[in-house]
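Given as structure tokens, the chain that follows is alone and in the form predicted alone.
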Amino acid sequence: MHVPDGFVSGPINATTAVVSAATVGFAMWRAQRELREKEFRVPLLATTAAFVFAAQMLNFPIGGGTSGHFLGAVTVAALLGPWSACLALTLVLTIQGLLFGDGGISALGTNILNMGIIGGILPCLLMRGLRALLPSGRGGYVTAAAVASWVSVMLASSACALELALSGTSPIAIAFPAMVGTHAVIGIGEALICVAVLTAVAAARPDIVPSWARLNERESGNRFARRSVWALVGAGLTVAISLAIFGSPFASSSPDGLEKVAADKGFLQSSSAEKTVWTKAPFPDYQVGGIRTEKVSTGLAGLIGTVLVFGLGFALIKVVARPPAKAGGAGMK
């Protein structure tokens, strides 16, 4: 669902950039206290961002010559909260656009709004509401998250259709049913991946799952969590790297939902090469220059991206979570 340059008009992109920048700034402010109080969340957030990057490379076929990919915002939100999810998606989308040419740089604010804010923050209200109605235990937790995951894809695709219509790219009567209809199927895949991830984490480390999840087997003790969270981080990063290296080369080559709708509805040409704003991506289309074997090149690009998202994410999140210096230089001790 990455919007390329040319699909959305300049005024719409400018508006979404302002909204996204303001929301991401607020998300950083809100996430600061949570990350300071629970320091073990810092490496976990970097790991989930790396996993989202790797998982988004694995386009899965949905039939009709169309593929879909993981969005991941609700999955991150179900573990670490909606503001952290917004930050994770912002990091992933920025690196995808700058280094891999995936999503237009002029449309970066639009993509962050659609996938990180509308697709990541708003569905959390539904997820928390459903969780309050469902029975305690892991089943109720993952069910609420699965439903919210499907809804997140619907909301993000609806927002994209509206932006296309407001830009004059495709009438709302055409763009909306095409986008929502296609992504209704993609949302099923999103929900299944969400369930798999949350079930695995809840089974391995129920103590790091948020309290609102109401797990029966919930553990306690932040000291234990801080001491051993790196084992979970290592496992998560291993999974992400494995997906990037061994899974991404075999992802579906069919166009994703937005590309398919653009081709079927006649506005694919709106994203021509002349309209590409950023042409200096070092790994365009997830390929590493000089490597002739496409699958090897894709896997290596995935490895580079996954490690970079984790490393840069960890460094940036540490800065965000850093406590303010105390007056009189006490913070320098």
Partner chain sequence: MEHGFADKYSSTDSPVHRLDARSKALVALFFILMVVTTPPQHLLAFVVYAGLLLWTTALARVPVTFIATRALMVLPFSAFVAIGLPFLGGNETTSFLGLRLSVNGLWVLAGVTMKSTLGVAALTLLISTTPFSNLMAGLRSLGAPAFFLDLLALTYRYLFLLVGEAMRLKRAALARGYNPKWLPQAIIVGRLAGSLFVRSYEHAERMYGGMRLRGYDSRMPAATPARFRAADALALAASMAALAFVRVFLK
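Rigid core: the largest C-alpha set superposing within 1.5 Å between the two forms. Here the structure is a predicted model, which is why all the values come from computation and not from measurement. Positions refer to the first chain, counted from 1.
Another form, the form predicted in complex with its partner chain, is not on view; read the next lines as being about it.
Of the candidate stretches 129 to 137, 116 to 124, 196 to 204, 144 to 152, only 196 to 204 contains residues with a heavy atom within 4.5 Å of its partner chain in the model of the complex. Although the partner is absent here, T47 lies within 4.5 Å of its partner chain in the model of the complex, judged by heavy atoms. Its partner chain is not shown here, and in the model of the complex it never comes within 4.5 Å of any heavy atom of S158. Though the partner is left out of this view, L162 does not reach within 4.5 Å of its partner chain in the model of the complex, counting heavy atoms only. Residue contact with its partner chain in the model of the complex: F100 places a heavy atom within 4.5 Å of it. For the stretch 173 to 204, the set of residues having any non-hydrogen atom within 4.5 angstroms of its partner chain in the model of the complex comprises I174, A178, M179, T182, V185, I188, G189, L192, I193, A196, V197, A200, V201, A204, in sequence order.
The Cα position of L45 differs by 2 Å or more between the shown form and the other one after fitting on the rigid core.
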